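Take a look at this single chain, the form predicted on its own, given in structure tokens.
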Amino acid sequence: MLDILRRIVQEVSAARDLGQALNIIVRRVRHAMDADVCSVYLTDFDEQTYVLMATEGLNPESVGTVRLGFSEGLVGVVGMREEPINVDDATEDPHYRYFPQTGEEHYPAFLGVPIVHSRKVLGVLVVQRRTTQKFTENGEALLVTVAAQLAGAIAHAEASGGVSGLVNGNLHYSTPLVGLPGAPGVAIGTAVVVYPPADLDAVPDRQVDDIAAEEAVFLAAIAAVRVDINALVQRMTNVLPAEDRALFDAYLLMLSSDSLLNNTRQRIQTGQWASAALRDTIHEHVHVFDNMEDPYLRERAEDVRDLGRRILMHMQRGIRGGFKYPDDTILIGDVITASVLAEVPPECLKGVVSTRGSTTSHVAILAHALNIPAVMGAADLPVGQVDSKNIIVDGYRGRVFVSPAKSVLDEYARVVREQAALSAELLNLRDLPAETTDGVRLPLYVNTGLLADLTSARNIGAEGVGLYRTEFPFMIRERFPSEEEQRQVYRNMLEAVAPKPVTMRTLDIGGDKALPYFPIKEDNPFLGWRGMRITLDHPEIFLVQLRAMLRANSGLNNMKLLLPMITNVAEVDEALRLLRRAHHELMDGDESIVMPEVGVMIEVPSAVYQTALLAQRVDFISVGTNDLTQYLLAVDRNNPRVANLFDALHPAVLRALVYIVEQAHLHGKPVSVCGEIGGDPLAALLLVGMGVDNLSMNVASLLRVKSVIRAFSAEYARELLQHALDMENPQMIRRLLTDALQRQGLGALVQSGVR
């Protein structure tokens, strides 16, 4: 049964659209269950009905026409209760509803199970038999297992058109794909899908006009792989026995086979680009091997995949000419890295959508820095099918619309105009201080890792850089940057901001920030080797960076040093020892180097409860609320299944922040908040109430936060904080803060987007 289930899931996942996926399900499940009928009813959320979308055994003409309300018939009861119903004679059940056109009167035995994905009932999977005999417990358990396994694949396939798209043939629809807000704003543009190298499954569909050029790309890749394999054969002649070298001979035969060459070229002739044509041909061959009964032959499917990856790799190595990004590029992918973002001309990049990650994952922070809307964790987005389609990105609410209806486009075009008007209005605050109505001043800084951000930062009146992410210069290279290369990068940043301060965080890699030349493979990277743990284990890397920073600061003296991911005081002691060593080494070289102020980032619970000890060792405290929230709530912020549970306004997070501020102030040390909560207009009120000394945030949020601070008194903020600390969940706290802003006429700051 596990083998049958695996095959069903594989076939459904590889289906080109929802219709094909459903037909595979009913055919395969009917056979596996030894049933006379298998049907799938999908939820039409617009019409509040379940629609018969596929069947094997009932009248096929009833597909798309039979509808039941949410509380109608046994199918409706299954969906309403969200649990299986197994009866020997459905016609005797009071909930039974008969549709003559289906012919189901011949199949009284009924077993229905809900198809649930992310707490939503996507539909009902039903099997029926001619005999009046209930399905066995084993059969029921199998169908529940099948439905659970298929739920994700159905949700993924449904995203390309949904029920209304199948029934009406209408590809323009109003239902959004739901993800998580990554960076605020709304963008309307053209989808450009990015995918990892040599990954056939990730290749998107793309139509082309130049058929001859695509054929040339494919044939050139075939020729390159043939050269590679012949070279492998020569190298292995004296190493491998003849029977093992036979695999390479098989590869060469496949490269010359009509089924590979002609089938791919035929697909190219239809207008598919070469990569997708190859993908479909390889999948076709793999499917044949996967369905063979002989285990040895079935394993040959992996050889076919390997050959396909080799061909695709050569296609991606520059055989094709440079890609021209549309002027309104919406970048879409499963994983989007800093280097991928950097490849897009800044004037073309309008938005980002990632199927993974959360509000505080690295790509979301980059999108914030670039001031472009982003949606994260859109797990149901069919990435391979949206290339070149019209896309709306709603970064306020975490929504993505693919090929939206005109009414939706018009509404979001209105929002884009409102955004521009609000931004222009907020610019009036640029030269005014972030000061409460009763005179409490709160300096506002920007988070950045890019020199290009500074123009925007100056334009909005930022008072310095509160967090400079030094890992960016490491991420864009193919090796560790030298001391002099680092010194020049840091010097450029310090000079550009001087005399205002720049807080430079030492190298913070690991977790969701990887270096291509320093791979870290761990089962649980956020609880693993990251931040100071890496740099203390590699003092040769840490000392080079410290010397580069100290030298860059020479004569300017506007740098502060920040140590990330501190979990105990011993790490701080060791880091300070290495800093003093770097300082002494440079002083020995007759360089006039000043020791900067040093701070630590509190990002883990253990550091929270050692705030007093840490404050006695350093000059300031900085709170990284992104990781602190993740660790306090036990929520992996890059896991879309649980990322909706991530909320920095959770009472536990707020109480931790209050404790940190109190303990630091007892020892006379200032506290900065540099996580995403620092740029949240709602949270700004609470942070003022706590007595936080300064905030650091992305460029796009600074004027919004300043607007809130200037509208309230610190006394009122403290009262609001006390109310918030008495509340039980973040939703209540969010409503409290939203109401406060609305009463002050600032509702537009938190309610942007389509309402």
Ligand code: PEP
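The first residue of the sequence shown is number 1, and the count goes up from there. None of the values given here were measured: they were computed from a predicted structure.
What comes next is about the form predicted in complex with the ligand, which is not displayed.
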query: Stretch in contact in the predicted complex with the ligand, which is absent here, among 325 to 333, 200 to 208, 595 to 603, 300 to 308 (heavy atoms within 4.5 Å); finding: 595 to 603
query: Heavy atom within 4.5 Å of the ligand in the predicted complex - residue from T535, T611, T625, Q128; finding: T625
query: Interface residue in the predicted complex among R487, R530, R399, H650, criterion: non-hydrogen atom within 4.5 angstroms of the ligand; finding: R530
query: Close approach of G675 to the ligand in the predicted complex, 4.5 Å, heavy atom; finding: yes
query: D508 within 4.5 Å of the ligand in the predicted complex, heavy atoms; finding: yes
query: Proximity of R279 to the ligand in the predicted complex, heavy atoms at 4.5 Å; finding: no
query: Contact of R637 with the ligand in the predicted complex (heavy atom, 4.5 Å); finding: yes
